[in-house]
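Single chain ahead, written as C-alpha cells, the form predicted on its own.
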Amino acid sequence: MTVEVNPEAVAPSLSAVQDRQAYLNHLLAQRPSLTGLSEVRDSALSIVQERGLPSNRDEDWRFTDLSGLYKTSFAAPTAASLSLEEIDAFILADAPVRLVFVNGFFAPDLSAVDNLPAGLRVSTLANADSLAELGHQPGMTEVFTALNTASFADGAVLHIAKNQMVEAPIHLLYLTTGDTPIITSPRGLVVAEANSAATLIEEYVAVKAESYFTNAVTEVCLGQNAQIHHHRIQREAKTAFHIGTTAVSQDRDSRYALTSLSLGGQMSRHNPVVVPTAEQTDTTLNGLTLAVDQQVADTHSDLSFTGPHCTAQQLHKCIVDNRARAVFNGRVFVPKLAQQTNASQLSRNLLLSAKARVDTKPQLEIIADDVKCAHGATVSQLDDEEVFYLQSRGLDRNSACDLLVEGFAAEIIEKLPIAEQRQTLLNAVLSQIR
C-alpha cells in the first residue's frame, strides 16, 4: 500500500515558523527589567526559546486561531496612574484586602493592604529575591506560561499562615489602561499553609484601553488540609487578547474550588492545571464562558491525580451567540496509583444563533481499575416549549429568553461570594446577548 503524504499537512511552512519566531523575538524584546528572581526568569526564557509559539497545527491550539494575535504589535508595558474614582466600579466593599496592578505594576495608592487580618501576609514579586514556590507548580513549561515567567514586571504574593482562616475575600485586581497596544504579564502566587483557609477573587479588566495582550499566570500551592475558594473573572475589553494559566498543587486532605468566568476579549484562553500531589484531596472546577459577535473563547483544563482516595467535580458551561466560537477541552487523568478516585466532568453548551459554534472535548483517561468516574457533554439551543411557557405567563419573547439564559448562567455565577458582584456579572451577560 502506498500512502501519499502532503508535507504541508504535517509541518508548518518555513515562512510560518520564521514569522512566529520573529513575532516571539518581538514579544521578548518587550520584557520589562527586574532586579531579582533572575534564576527563575532565565530558566523560563530558555523554555520559551526552545518551544516557540504554537500554531493551529499544534493539537492543544487546533481550534483556537492565534493569527489575530500574531498580526498585532505590542509595546512594552509602562506604569500608569489611575485614580480611585476611575476604578470605583471595580472596588468590592466586601473584600477589604485589595491588591491592584496597573499594566502589570503594583499600584499601592489603589490597593488596600494596611489592615491585614491575622495570618495573612502580602508582598510583591518586585521586592522578592527568591521564592521557593514560584515557578514550581504544574504546567510551567507551556510556552505562554513560560513567557509570563520570563516577562513579568511585578506580581502579587499571598501567604496564609498555618492554622489560620482568612474570613473576608481577598481581591486581586489587574487593570490595563492606555492608548498604546501593550503586552502585560500579570503574575500571582498564593501559598496556603497546612490547615489554613481563604477566599480569593482574581479579576482582569480594562480602563480606557482597547487593543492589548494580557498573558497571566497564577500559582496556588495548598498545604495539608488547606482550603482555597478561588474565583477568576476575565472581562477584558472586546478588542483585547487574553491568555491565562491557573496552576495548582494540592497536598493531602486539601480542598480547592475554582469558579472561572470568561466574558471578554476578542480571543481568550484559560488553562486551569491542577495536580493533587497526595491522597484524599477534593477539587471542584466550575466555569462559564460567554462568547458573542466574533469572539473566540477557549478553556483547556487538566486535572491529573497522583494518589488514591481523591474526589473531583467539574462543570463547564458555554453561552455562544452570533458568529462567536467557544472551545472546551477538559482532561482528567487517573493513573494506576489513583485507586478509589471519584471524579465527574460535564460540559454544557447553549447556542443562541445558527452561526454560533462550540467545540467541546471532555477527556477522561483512566488506568486505575477501582474508580468511579463519569463525563459527558451537551449542546443545545433555547427550548421553544420553555420559552412558550414563560410567554404564556405574560412575558414577551425577549424577556422569556433572557430569563432562560440567566438561569443557565446563574448556576455558575451564584458561586461567587459577593452578592453585588454576582448581580453585576449577570447583568453583563444579559446585556451582551441582547
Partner chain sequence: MIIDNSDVILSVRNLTADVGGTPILKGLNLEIKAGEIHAIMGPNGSGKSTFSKVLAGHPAYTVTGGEVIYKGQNLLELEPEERSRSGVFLAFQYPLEIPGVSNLDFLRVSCNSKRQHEGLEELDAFDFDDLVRERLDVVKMDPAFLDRSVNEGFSGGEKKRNEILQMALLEPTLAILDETDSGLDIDALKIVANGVNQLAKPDNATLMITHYQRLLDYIVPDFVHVMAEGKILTTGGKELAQELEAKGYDWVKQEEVAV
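The shown structure was predicted, so the numbers you read here are calculated from the model rather than taken from an experiment. Residue numbers count along the first chain shown, from 1.
Not pictured, yet referred to below: the form predicted in complex with the partner chain.
Contact annotation: the partner chain lies within 4.5 Å of heavy atoms from the stretch 384 to 392 in the predicted bound form, the single such stretch among 63 to 71, 31 to 39, 364 to 372, 384 to 392. At least one heavy atom of A410 is located within 4.5 Å of the partner chain in the predicted bound form. The partner chain in the predicted bound form comes within 4.5 Å of no heavy atom belonging to E50. Among residues of the shown chain, L45 is not one whose heavy atoms approach the partner chain to within 4.5 Å in the predicted bound form. Residue contact check for L404: one or more of its heavy atoms lie within 4.5 Å of the partner chain in the predicted bound form.
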